[in-house]
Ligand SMILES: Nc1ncnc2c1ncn2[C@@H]1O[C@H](COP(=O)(O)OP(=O)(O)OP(=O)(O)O)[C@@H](O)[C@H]1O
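Here's a solo chain for you in C-alpha coordinates, the form predicted alone.
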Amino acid sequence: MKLVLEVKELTKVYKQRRGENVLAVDQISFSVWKNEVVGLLGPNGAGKTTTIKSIAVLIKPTGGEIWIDGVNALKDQKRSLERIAAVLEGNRNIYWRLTPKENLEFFVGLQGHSVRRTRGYIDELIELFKLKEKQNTPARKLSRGMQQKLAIACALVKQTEILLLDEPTLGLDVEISYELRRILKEMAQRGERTILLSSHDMNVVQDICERVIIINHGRIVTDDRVENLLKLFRASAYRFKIEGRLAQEQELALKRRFPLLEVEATDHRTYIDADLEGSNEIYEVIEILKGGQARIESIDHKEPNLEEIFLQIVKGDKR
(Lines give C-alpha, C1' and ligand atoms only; values in the text may rest on other atoms or scores of the structure.)
Protein backbone atom coordinates (compact mmCIF):
# COMPACT_ATOMS: atom_id res chain seq x y z
CA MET A 1 0.00 0.00 0.00
CA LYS A 2 1.27 3.45 -0.94
CA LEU A 3 2.04 6.04 1.76
CA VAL A 4 0.69 9.42 0.61
CA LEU A 5 0.85 11.62 3.72
CA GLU A 6 3.43 11.70 6.52
CA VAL A 7 3.40 14.17 9.39
CA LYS A 8 6.55 13.97 11.51
CA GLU A 9 6.85 15.68 14.91
CA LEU A 10 4.73 18.62 13.74
CA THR A 11 4.91 21.54 16.18
CA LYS A 12 3.29 24.96 16.07
CA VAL A 13 3.78 27.74 18.60
CA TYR A 14 1.75 30.93 18.22
CA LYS A 15 3.78 33.83 19.56
CA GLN A 16 1.89 36.44 21.55
CA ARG A 17 2.81 40.08 21.90
CA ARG A 18 1.65 39.95 25.46
CA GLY A 19 1.45 36.97 27.76
CA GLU A 20 2.70 33.45 27.22
CA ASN A 21 3.12 31.88 23.79
CA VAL A 22 0.49 29.27 22.80
CA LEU A 23 1.61 25.72 21.97
CA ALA A 24 -1.14 24.67 19.54
CA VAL A 25 0.45 21.48 18.18
CA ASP A 26 3.00 19.48 20.15
CA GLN A 27 5.15 17.05 18.10
CA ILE A 28 2.30 15.30 16.28
CA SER A 29 3.25 12.35 14.05
CA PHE A 30 0.97 10.19 11.89
CA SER A 31 0.76 8.62 8.43
CA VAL A 32 -2.08 8.18 5.94
CA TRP A 33 -2.11 5.52 3.24
CA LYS A 34 -3.55 5.70 -0.28
CA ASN A 35 -7.39 5.63 -0.36
CA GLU A 36 -7.67 5.73 3.45
CA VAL A 37 -10.43 7.84 4.98
CA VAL A 38 -9.19 9.19 8.31
CA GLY A 39 -11.07 11.29 10.85
CA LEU A 40 -9.14 13.95 12.77
CA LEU A 41 -10.99 14.59 16.02
CA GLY A 42 -10.51 16.73 19.09
CA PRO A 43 -12.23 19.31 21.30
CA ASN A 44 -12.12 23.01 20.42
CA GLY A 45 -8.56 24.31 20.65
CA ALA A 46 -7.03 20.82 20.42
CA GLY A 47 -4.97 21.66 17.32
CA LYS A 48 -7.02 20.05 14.51
CA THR A 49 -7.39 23.09 12.26
CA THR A 50 -3.76 24.12 12.81
CA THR A 51 -2.68 20.63 11.75
CA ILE A 52 -4.85 20.67 8.62
CA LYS A 53 -3.76 24.18 7.63
CA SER A 54 -0.12 23.17 8.10
CA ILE A 55 -0.63 20.18 5.78
CA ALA A 56 -2.30 22.53 3.26
CA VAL A 57 0.75 24.84 3.56
CA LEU A 58 -1.42 27.72 4.79
CA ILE A 59 0.45 27.90 8.11
CA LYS A 60 4.20 27.57 8.58
CA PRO A 61 4.91 25.14 11.43
CA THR A 62 7.45 25.94 14.13
CA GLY A 63 9.00 22.50 13.70
CA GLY A 64 8.60 19.08 12.12
CA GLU A 65 8.14 17.73 8.60
CA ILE A 66 5.20 17.16 6.24
CA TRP A 67 5.57 14.81 3.28
CA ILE A 68 2.82 14.68 0.63
CA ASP A 69 3.18 11.80 -1.82
CA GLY A 70 6.94 11.83 -1.32
CA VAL A 71 7.29 15.63 -1.63
CA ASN A 72 8.56 17.74 1.27
CA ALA A 73 5.66 20.19 1.58
CA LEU A 74 7.61 22.75 3.59
CA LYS A 75 10.48 22.91 1.09
CA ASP A 76 8.59 22.42 -2.18
CA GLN A 77 5.18 24.02 -1.72
CA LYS A 78 4.32 24.17 -5.42
CA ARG A 79 4.75 20.42 -6.03
CA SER A 80 3.01 19.48 -2.80
CA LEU A 81 -0.01 21.69 -3.58
CA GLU A 82 -0.43 19.91 -6.91
CA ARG A 83 -1.20 16.78 -4.89
CA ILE A 84 -3.66 18.18 -2.38
CA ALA A 85 -7.05 19.94 -2.30
CA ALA A 86 -8.83 21.35 0.72
CA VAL A 87 -12.21 22.65 1.86
CA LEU A 88 -11.56 24.77 4.94
CA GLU A 89 -14.05 26.72 7.04
CA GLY A 90 -17.09 25.78 5.03
CA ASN A 91 -17.87 27.29 1.64
CA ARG A 92 -15.23 30.03 1.47
CA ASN A 93 -13.17 28.52 -1.35
CA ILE A 94 -15.71 29.30 -4.11
CA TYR A 95 -16.09 32.49 -6.14
CA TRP A 96 -19.42 34.15 -5.47
CA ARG A 97 -19.86 35.86 -8.85
CA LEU A 98 -19.26 32.65 -10.80
CA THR A 99 -21.88 29.95 -11.40
CA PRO A 100 -21.27 26.35 -10.22
CA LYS A 101 -20.24 25.37 -13.74
CA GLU A 102 -17.88 28.36 -14.05
CA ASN A 103 -16.40 27.66 -10.61
CA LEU A 104 -15.62 24.07 -11.57
CA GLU A 105 -14.09 25.16 -14.90
CA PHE A 106 -12.00 27.79 -13.10
CA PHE A 107 -10.56 25.28 -10.61
CA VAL A 108 -9.82 22.79 -13.40
CA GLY A 109 -7.81 25.48 -15.21
CA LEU A 110 -6.12 26.55 -11.97
CA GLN A 111 -4.82 23.00 -11.57
CA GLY A 112 -3.43 23.07 -15.11
CA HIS A 113 -5.96 20.62 -16.60
CA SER A 114 -7.78 21.09 -19.90
CA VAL A 115 -11.37 22.25 -19.39
CA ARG A 116 -12.41 20.59 -22.65
CA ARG A 117 -10.95 17.21 -21.63
CA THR A 118 -12.45 17.46 -18.15
CA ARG A 119 -15.95 18.42 -19.35
CA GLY A 120 -17.35 14.95 -18.71
CA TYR A 121 -16.04 14.90 -15.12
CA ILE A 122 -17.46 18.39 -14.48
CA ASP A 123 -20.89 17.21 -15.67
CA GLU A 124 -20.54 14.11 -13.48
CA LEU A 125 -19.84 16.24 -10.38
CA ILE A 126 -22.77 18.54 -11.14
CA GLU A 127 -25.04 15.48 -11.30
CA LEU A 128 -23.49 13.85 -8.20
CA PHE A 129 -23.98 16.96 -6.05
CA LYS A 130 -27.44 17.68 -7.52
CA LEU A 131 -26.44 21.11 -8.84
CA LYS A 132 -27.78 20.76 -12.39
CA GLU A 133 -30.84 22.99 -11.93
CA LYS A 134 -28.58 25.73 -10.46
CA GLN A 135 -25.47 25.19 -12.62
CA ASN A 136 -25.88 28.61 -14.28
CA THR A 137 -26.90 30.54 -11.14
CA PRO A 138 -24.26 32.77 -9.45
CA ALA A 139 -22.90 31.04 -6.33
CA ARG A 140 -23.90 34.00 -4.12
CA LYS A 141 -27.57 33.20 -4.86
CA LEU A 142 -27.32 29.55 -3.85
CA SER A 143 -28.42 28.22 -0.47
CA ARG A 144 -25.78 27.54 2.20
CA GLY A 145 -26.09 23.80 1.57
CA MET A 146 -25.59 24.14 -2.18
CA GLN A 147 -22.59 26.43 -1.62
CA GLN A 148 -21.09 23.80 0.67
CA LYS A 149 -21.64 21.05 -1.91
CA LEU A 150 -20.13 23.26 -4.61
CA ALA A 151 -17.07 23.90 -2.42
CA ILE A 152 -16.43 20.16 -2.10
CA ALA A 153 -17.06 19.64 -5.84
CA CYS A 154 -14.48 22.37 -6.59
CA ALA A 155 -11.94 20.51 -4.45
CA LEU A 156 -12.72 17.21 -6.19
CA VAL A 157 -12.52 18.61 -9.70
CA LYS A 158 -8.82 19.32 -9.15
CA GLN A 159 -8.36 15.50 -9.13
CA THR A 160 -5.64 15.53 -6.49
CA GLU A 161 -4.50 12.47 -4.54
CA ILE A 162 -5.45 13.89 -1.13
CA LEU A 163 -8.59 15.74 -0.03
CA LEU A 164 -8.66 17.71 3.24
CA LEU A 165 -12.11 18.48 4.67
CA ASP A 166 -12.44 20.72 7.73
CA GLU A 167 -16.00 20.57 9.15
CA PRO A 168 -17.70 19.82 5.79
CA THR A 169 -21.22 19.60 7.33
CA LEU A 170 -20.94 22.51 9.77
CA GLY A 171 -24.06 24.68 9.85
CA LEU A 172 -26.03 22.59 7.36
CA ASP A 173 -29.60 21.43 7.85
CA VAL A 174 -30.23 17.73 8.46
CA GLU A 175 -31.27 16.92 4.87
CA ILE A 176 -28.21 18.52 3.24
CA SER A 177 -25.92 17.06 5.90
CA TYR A 178 -27.20 13.55 5.15
CA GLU A 179 -26.82 14.13 1.42
CA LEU A 180 -23.21 15.25 1.81
CA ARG A 181 -22.52 12.29 4.08
CA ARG A 182 -23.95 9.96 1.43
CA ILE A 183 -21.73 11.46 -1.27
CA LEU A 184 -18.58 11.23 0.87
CA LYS A 185 -19.44 7.69 1.92
CA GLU A 186 -19.88 6.60 -1.71
CA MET A 187 -16.55 8.22 -2.60
CA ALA A 188 -14.86 6.41 0.29
CA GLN A 189 -16.39 3.06 -0.69
CA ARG A 190 -15.17 3.47 -4.27
CA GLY A 191 -11.68 4.36 -3.04
CA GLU A 192 -11.57 7.49 -5.19
CA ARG A 193 -9.58 9.70 -2.82
CA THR A 194 -7.43 9.72 0.25
CA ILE A 195 -9.44 11.82 2.72
CA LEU A 196 -8.45 13.50 5.98
CA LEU A 197 -11.64 14.79 7.57
CA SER A 198 -12.07 16.97 10.65
CA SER A 199 -15.57 17.17 12.12
CA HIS A 200 -17.49 17.62 15.36
CA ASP A 201 -20.30 15.51 13.89
CA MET A 202 -19.46 12.04 15.18
CA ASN A 203 -22.15 10.44 13.02
CA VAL A 204 -20.34 11.71 9.92
CA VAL A 205 -17.01 10.36 11.16
CA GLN A 206 -18.41 6.98 12.25
CA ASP A 207 -20.27 6.63 8.94
CA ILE A 208 -17.37 7.53 6.65
CA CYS A 209 -14.00 7.02 8.33
CA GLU A 210 -12.10 3.76 8.67
CA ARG A 211 -9.72 5.20 11.23
CA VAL A 212 -9.65 8.09 13.69
CA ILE A 213 -6.86 10.19 15.14
CA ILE A 214 -7.89 11.99 18.32
CA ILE A 215 -5.94 15.09 19.38
CA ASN A 216 -6.13 16.73 22.78
CA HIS A 217 -4.03 19.66 24.04
CA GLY A 218 -1.98 19.55 20.84
CA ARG A 219 -1.00 15.87 21.14
CA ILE A 220 -2.30 12.61 19.70
CA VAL A 221 -4.06 10.56 22.38
CA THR A 222 -5.52 7.86 20.11
CA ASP A 223 -4.82 6.58 16.60
CA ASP A 224 -6.86 3.46 15.78
CA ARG A 225 -9.43 1.96 13.46
CA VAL A 226 -13.04 2.85 14.26
CA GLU A 227 -14.04 -0.82 14.43
CA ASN A 228 -11.28 -1.53 16.98
CA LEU A 229 -12.42 1.33 19.22
CA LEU A 230 -16.04 0.18 19.03
CA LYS A 231 -15.01 -3.37 19.99
CA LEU A 232 -12.84 -2.14 22.85
CA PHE A 233 -15.58 0.01 24.37
CA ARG A 234 -18.33 -2.51 23.65
CA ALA A 235 -16.57 -4.92 26.02
CA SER A 236 -16.79 -2.43 28.90
CA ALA A 237 -20.08 -0.57 28.28
CA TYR A 238 -22.97 -1.76 30.44
CA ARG A 239 -26.63 -0.87 30.95
CA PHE A 240 -28.34 -1.63 34.26
CA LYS A 241 -32.15 -1.75 34.32
CA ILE A 242 -33.57 -1.01 37.78
CA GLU A 243 -37.15 -1.40 38.99
CA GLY A 244 -38.55 1.97 40.08
CA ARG A 245 -36.44 5.03 40.89
CA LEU A 246 -33.12 5.26 42.70
CA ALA A 247 -32.83 7.02 46.03
CA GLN A 248 -30.98 10.34 45.72
CA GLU A 249 -28.18 9.05 48.00
CA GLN A 250 -27.63 6.06 45.69
CA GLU A 251 -27.41 8.20 42.58
CA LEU A 252 -24.93 10.58 44.25
CA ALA A 253 -22.82 7.64 45.46
CA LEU A 254 -22.71 6.14 41.96
CA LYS A 255 -21.71 9.43 40.32
CA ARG A 256 -19.04 10.10 42.93
CA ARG A 257 -17.47 6.74 42.16
CA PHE A 258 -18.08 6.81 38.37
CA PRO A 259 -18.25 10.47 37.18
CA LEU A 260 -19.17 9.55 33.57
CA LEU A 261 -22.01 7.25 34.61
CA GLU A 262 -25.43 8.31 33.26
CA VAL A 263 -28.79 7.81 34.97
CA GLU A 264 -32.11 8.01 33.10
CA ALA A 265 -35.34 7.61 35.07
CA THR A 266 -38.91 6.95 33.89
CA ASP A 267 -42.05 6.51 35.98
CA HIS A 268 -41.44 2.79 36.52
CA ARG A 269 -37.76 2.13 35.77
CA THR A 270 -34.28 3.60 36.01
CA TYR A 271 -31.54 2.96 33.41
CA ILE A 272 -27.88 3.29 34.33
CA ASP A 273 -25.24 3.47 31.56
CA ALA A 274 -21.66 2.99 32.68
CA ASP A 275 -18.24 2.21 31.19
CA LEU A 276 -16.63 -0.24 33.61
CA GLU A 277 -13.15 -1.73 33.79
CA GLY A 278 -13.65 -5.41 34.58
CA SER A 279 -15.90 -7.38 36.90
CA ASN A 280 -14.70 -5.64 40.09
CA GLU A 281 -16.29 -2.36 39.01
CA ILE A 282 -19.52 -4.16 38.06
CA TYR A 283 -19.67 -5.56 41.59
CA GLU A 284 -19.06 -2.05 43.00
CA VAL A 285 -22.13 -0.75 41.16
CA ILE A 286 -24.15 -3.73 42.38
CA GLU A 287 -23.06 -3.16 45.99
CA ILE A 288 -24.09 0.53 45.87
CA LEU A 289 -27.47 -0.48 44.42
CA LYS A 290 -27.95 -3.23 47.00
CA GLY A 291 -27.18 -0.74 49.78
CA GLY A 292 -30.31 1.18 48.82
CA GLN A 293 -32.31 -2.00 48.26
CA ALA A 294 -32.70 -1.29 44.54
CA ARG A 295 -34.02 -4.25 42.54
CA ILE A 296 -31.89 -4.98 39.47
CA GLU A 297 -33.98 -6.33 36.57
CA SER A 298 -31.13 -6.85 34.11
CA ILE A 299 -27.48 -6.07 33.28
CA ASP A 300 -26.61 -5.94 29.56
CA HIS A 301 -23.77 -4.89 27.33
CA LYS A 302 -24.51 -1.49 25.82
CA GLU A 303 -23.69 -0.70 22.20
CA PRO A 304 -21.35 2.33 22.31
CA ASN A 305 -21.15 5.04 19.67
CA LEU A 306 -18.17 7.09 18.56
CA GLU A 307 -19.31 10.21 20.39
CA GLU A 308 -19.28 8.41 23.76
CA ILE A 309 -15.88 6.88 22.98
CA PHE A 310 -14.48 10.28 21.99
CA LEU A 311 -15.66 11.91 25.23
CA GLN A 312 -14.15 9.20 27.39
CA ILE A 313 -10.80 9.24 25.58
CA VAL A 314 -10.56 13.04 25.72
CA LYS A 315 -11.39 13.03 29.43
CA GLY A 316 -8.68 10.44 29.98
CA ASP A 317 -11.09 7.92 31.46
CA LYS A 318 -10.16 5.09 29.11
CA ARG A 319 -6.70 3.63 29.71
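Predicted, not measured: the structure shown is a model, and the values here were computed from it. Here the rigid core means the biggest group of C-alpha atoms that line up within 1.5 Å when the two forms are laid on top of each other. Residue numbers here begin at 1 and follow the sequence given.
One more form of this protein exists, namely the form predicted together with the ligand; it is left out here, but the text below deals with it.
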_How about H200 - does it come within 4.5 Å of the ligand in the model of the complex, if we only consider non-hydrogen atoms?_
yes
*How about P43: is it within 4.5 Å of the ligand in the model of the complex, going by heavy atoms?*
yes
_Contact with the ligand in the model of the complex for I296, defined as at least one heavy atom pair within 4.5 Å: yes or no?_
no
*Indicate whether the ligand has at least one heavy atom within 4.5 Å of a heavy atom of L311 in the model of the complex.*
no
*Segment that reaches the ligand in the model of the complex - one of 43 to 51, 62 to 70, 265 to 273, 252 to 260, heavy atoms within 4.5 Å*: 43 to 51
*Every residue of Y14, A24 and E167 near the ligand in the model of the complex, heavy atom within 4.5 Å*: yes
*Quick one: which residues from 93 to 121 get a non-hydrogen atom within 4.5 Å of the ligand in the model of the complex?*
none
*asked:* Rigid core aligned, does the Cα position of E20 differ by 2 Å or more between the shown form and the other one?
replied: yes
